[in-house]
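First, one chain by itself in structure tokens, the form predicted on its own.
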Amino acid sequence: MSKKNEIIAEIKNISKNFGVTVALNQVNMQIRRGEICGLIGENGSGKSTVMSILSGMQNATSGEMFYKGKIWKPSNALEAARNGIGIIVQEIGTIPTISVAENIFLGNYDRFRRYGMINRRQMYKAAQLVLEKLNIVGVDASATTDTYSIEQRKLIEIAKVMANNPEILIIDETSTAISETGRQVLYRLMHDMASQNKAVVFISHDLEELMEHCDALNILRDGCLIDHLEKENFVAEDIKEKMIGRKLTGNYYRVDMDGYDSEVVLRADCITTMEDLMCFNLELHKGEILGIGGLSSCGMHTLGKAMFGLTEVIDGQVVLTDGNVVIKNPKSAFQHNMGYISKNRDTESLEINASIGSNIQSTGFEKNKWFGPFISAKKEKKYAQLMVDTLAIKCTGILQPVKALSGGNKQKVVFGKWVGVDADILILDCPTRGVDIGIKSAMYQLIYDMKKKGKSIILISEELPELCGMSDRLIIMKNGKITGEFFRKDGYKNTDLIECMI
């Protein structure tokens, strides 16, 4: 019988190179039964890479692994899953065009096959039981997966992994993609697995989350394992310093009480959308960081899209006050120097298979003209390289595909698209989701610098500390309506904000 704290998997001297880039350098790690082991580090530190090797998604350049006391070298993720190692990946890991049940049992259809035919009714029933067991509500196993939100699809992915009854569950940045309700499903699952003498590896940038739920913590930096800590040795400031290799100096959030102009630059006049918003009014001022918060389903994400013309406004209008321009679609927003960063970075803010340069250059048409409609390749290259240098994007060069970057560096590319064109109004929807503390700090400074230049920013976030730390004015939403308005000059009280949310 397996014992608690018994080593179930071991990684020995694992290295991984991508050309001249060293992603992992002689990493050693043990995974124990009955334990939730956290994995933390800056973007690009090697967290996802080492777990993708353990779960069969890619091969190591050198080193060896052991699983249940035997040499472990899976040929693919399906082999790993069938042997008890499941991974919930950082990006969306479901196929949108097939049913929820087909996603949950992908690669395991044979159990429902009779006389060469798949018994779909039996498959739907079995999938629904998996969802119910995990307390995932509001998802029909027979429905097509793309009828559900990104968050619900992430919950479906959790069900997909758990349907294989894994002995090791690897969770890669999943909590940032789901609401508080979904997080509680995930946390309960993690602790249930540990209590069953199974193992969990939890990758997250949220240090508070890791310190609360993990029994041990591995810290990676630049592809090297820096330290392994047991829970009794968790000290937040020490962990941060080990993550980034230096002490964080200066201020994380804003400390100023600078106000903003009285001039209104953008407003929503009684806008109504097909969902979430009914006769909603909003004003954004010049030089203002306007925070918008609430629970995930409060309507704030729909509001951001409506303000940029991505979601149809069926009544009322979004108006740029300079010239009384009505924003009807993203083209008109872009043409009038507005920018938008989506919560769903890989599907809505980036062309993931294109290069870093192509993504940054995609908004810089006017900046890179040669004459007439013709674009200067020389200007484009210089333009993209300037953004890479300005934002300190870790890459091999502007021709590197965006999909090869870490989450934080992908987000820097998204920022580069709008910093490069010097957008006057920016709508930022969860702009620091899934990025490490060092990159968060740099992004907050960038947002503040834009404010000081007179830019106007709508900051939509599910993180109260971020909203309180950065906003001049903070609006709380619930059920598509404003339930509270607060001002930086008066101070923000969490109890007041939360009361307005629930």
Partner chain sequence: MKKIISSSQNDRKVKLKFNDMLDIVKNQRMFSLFFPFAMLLLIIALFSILTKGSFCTAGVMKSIFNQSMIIGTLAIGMTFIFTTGDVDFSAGNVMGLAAAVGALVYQNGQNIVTTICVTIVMGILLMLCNYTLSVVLHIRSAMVAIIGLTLYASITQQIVGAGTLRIDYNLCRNLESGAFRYISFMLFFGLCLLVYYWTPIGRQLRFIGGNVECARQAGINITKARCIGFLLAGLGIGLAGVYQIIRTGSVSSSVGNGMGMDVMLATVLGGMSIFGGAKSNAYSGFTGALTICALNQGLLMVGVPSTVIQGVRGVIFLLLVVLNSERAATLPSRQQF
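Numbering follows the first chain given and starts at 1. None of these values were measured; they are calculated from a predicted model.
In what follows, reference is made to the form predicted together with its partner chain, a form of this protein that is not presented.
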*Would you point out which of 131-139, 193-201, 347-355, 230-238 contains residues with a non-hydrogen atom within 4.5 Å of its partner chain in the model of the complex?*
347-355
*Using heavy atoms and a 4.5 Å limit, would one call residue 375 a contact residue for its partner chain in the model of the complex?*
yes
*asked:* Against its partner chain in the model of the complex, would residue 253 count as a contact residue? Criterion: heavy atoms within 4.5 Å.
replied: no
*Looking at the partner-bound form in the model of the complex, is residue 417 within 4.5 Å of its partner chain by any heavy atom?*
yes
*With the cut-off set at 4.5 Å between non-hydrogen atoms, does residue 72 touch its partner chain in the model of the complex?*
no
*Ok, 167, 206, 380, 172: which has a heavy atom sitting within 4.5 Å of its partner chain in the model of the complex?*
380
*Pick from 297, 152, 83, 363: which residue has any heavy atom within 4.5 angstroms of its partner chain in the model of the complex?*
363
*Any residue of 306-331 with a heavy atom within 4.5 Å of its partner chain in the model of the complex counts; write them all down in order.*
308, 310, 330, 331
